[in-house]
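Below you'll find only one chain, the form predicted alone, shown as structure tokens.
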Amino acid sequence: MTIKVYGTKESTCSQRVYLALHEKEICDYHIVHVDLLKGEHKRPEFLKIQPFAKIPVYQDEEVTIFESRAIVRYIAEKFKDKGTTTLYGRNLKEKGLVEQWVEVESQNYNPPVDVIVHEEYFNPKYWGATKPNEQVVQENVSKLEKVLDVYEAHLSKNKYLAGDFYSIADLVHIPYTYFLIKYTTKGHVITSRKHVKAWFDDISARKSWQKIAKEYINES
């Protein structure tokens, strides 16, 4: 099966897709580089497969899908008997819990992390910003800390977000959290919380993420 992922190596959203593929031991996918700086995501040929002009886009012989979390769900279900078989839960109850925490990540966790990482890392590196907007950063740090207090309490009783098994609920957090810790000044919001830190240390030590971090991020 020919699998293409339209994106970039350093794109956090694209990395969710690469992660899911590696967890399923599917490593022969092809990355079709979309140069955002050149506006390739706004060209007519790309808009045909992603009308909202965002990466990533996943393609195989059967389907074209955009939105990273939808793609991850698709991969987990399509290849459910390969690699890490718990990604989408082992029964309906677990699947419901996985979905719950994917939604929490999307609606509560990702928005402030996204702003912080862009203000302190992506905007200066790629978009010419001379310095972050400190007021915006601090506002989003405050939002994130409230979310992380909930995570800390939950993870004090659960090894992973959906229970005792690693799933896409955990996976979708990895790229942005890695960038938050490694490339911003606000990583302490993670590392200062005992159970959140232990959880992230665990999930980011997986071979799938170690490979992506080494080959896709640290080479950039």
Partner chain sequence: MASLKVYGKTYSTNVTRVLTTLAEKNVDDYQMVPIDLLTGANKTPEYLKLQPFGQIPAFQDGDFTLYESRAIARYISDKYEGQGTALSGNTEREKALVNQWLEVESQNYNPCAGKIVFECVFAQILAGRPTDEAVVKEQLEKLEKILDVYEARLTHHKYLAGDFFSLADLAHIPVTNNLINVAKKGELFSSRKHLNAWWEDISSRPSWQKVLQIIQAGQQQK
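Numbering follows the first chain given and starts at 1. Note that the structure is a prediction, hence the values are computed from the model and not measured.
We do not show the form predicted in complex with its partner chain, though everything after this point is about it.
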Taking its partner chain in the predicted complex as the reference, which of N108, N123, N140, T85 has a non-hydrogen atom within 4.5 Å? N108
State yes or no: in the predicted complex, is some non-hydrogen atom of Y151 no more than 4.5 angstroms from a non-hydrogen atom of its partner chain? yes
Its partner chain contact at Q100 in the predicted complex, heavy atom, 4.5 Å: yes
Exercise: K159 in contact with its partner chain in the predicted complex, heavy atom 4.5 Å: no
Proximity of F66 to its partner chain in the predicted complex, heavy atoms at 4.5 Å: yes
Using heavy atoms and a 4.5 Å cut-off, decide whether Y74, K95 and V104 all contact its partner chain in the predicted complex. yes
Stretch in contact, per heavy atom within 4.5 angstroms of its partner chain in the predicted complex, of 48-56, 191-199, 27-35, 177-185: 48-56
